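Have a look below at one chain only, the form predicted on its own, in structure tokens format.
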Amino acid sequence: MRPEQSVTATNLGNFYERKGRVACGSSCAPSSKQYSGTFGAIVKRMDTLYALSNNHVFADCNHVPVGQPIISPSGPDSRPNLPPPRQICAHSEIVELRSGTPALVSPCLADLAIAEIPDGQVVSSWQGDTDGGYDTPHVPADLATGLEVKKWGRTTRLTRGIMQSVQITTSIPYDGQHFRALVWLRGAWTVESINEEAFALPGDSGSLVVTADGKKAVGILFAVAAKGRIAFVIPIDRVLQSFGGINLVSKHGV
């Protein structure tokens, strides 16, 4: 099993709206890039709202300039039956990705980025579409093997799985425009699909994984393997400790 970053430049992506606002789970990317990832959630630090996703989605592996507009849907996902791309946020901060054998370089703890939301009226904390969607939960889950989970994503929409592994260290080959390297990440969890279908595929990077009842947050998806039946997740406690401390936002534009 070889995991890979789950961003894509192929496949038609999905876009979700809630009351005319861009909903979480939608296709997104920096306006300068020809790939697609997922707008995972709205978070707050102090009084400022941010969008949350992966470093390799918002920052193309450390290399998108601060202030670059993030649009939804992404450029490659634009098509006649979708609204035109609009700016949802502006790239702000990353958890750095770095390469090197663990004997020499400490493994990374996360693949995350936040982007400041200039207009809170443009986005919603709702996840996915009206049928089967739910509001982003702000309560973190206690992670455990066997926990049933679900997520909304740009490529595979609503999928369900089961948490399988605890605190593994894995290597992922990243392939950004200016960053091509093997990155070791420590402390990831894995999710396995409940059936033979994929839990996540390229383009689902950044999706917020939640408990099966939608009431608690589990983590942020950042990589896939085994034809998408296995997904790798940054645990939610680590996500919320990043960037000096952030909180998931619920009941925003729902």
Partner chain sequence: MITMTIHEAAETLAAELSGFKWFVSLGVGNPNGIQTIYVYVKSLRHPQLAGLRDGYQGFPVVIENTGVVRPANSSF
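Predicted, not measured: the structure shown is a model, and the values here were computed from it. Residue numbers count along the first chain shown, from 1.
There is another form of this protein, the form predicted together with the partner chain, and it is not shown here; the text below is about that form.
**Student:** Just one of 115-123, 134-142, 173-181, 82-90 has heavy atoms within 4.5 Å of the partner chain in the predicted complex; which?
**Tutor:** Partner-contacting stretch among the options: 173-181.
**Student:** Taking 4.5 angstroms as the cut-off for heavy atoms, does V43 touch the partner chain in the predicted complex?
**Tutor:** Taking the distances in the predicted complex, the answer for V43 is no, it never comes within 4.5 Å of the partner chain.
**Student:** Decide whether R186 counts as a contact residue for the partner chain in the predicted complex under a heavy atom distance cut-off of 4.5 Å.
**Tutor:** Contact with the partner chain, yes.
**Student:** When the contact criterion is heavy atoms within 4.5 Å, does G203 count as touching the partner chain in the predicted complex?
**Tutor:** G203: contacts the partner chain in the predicted complex.
**Student:** Spell out, yes or no, whether the shortest heavy atom distance between T190 and the partner chain in the predicted complex is within 4.5 Å.
**Tutor:** Result yes; T190 sits at the interface with the partner chain in the predicted complex.
**Student:** Select from the listed residues I220, I70, V224, V210 the one whose heavy atoms reach within 4.5 Å of the partner chain in the predicted complex.
**Tutor:** After the contact test, the surviving option is V224.
**Student:** From first to last in sequence, which residues of 144-169 have any non-hydrogen atom within 4.5 angstroms of the partner chain in the predicted complex?
**Tutor:** Stretch hits, in order: T145, R154, Q164, S165, V166, Q167, I168, T169.
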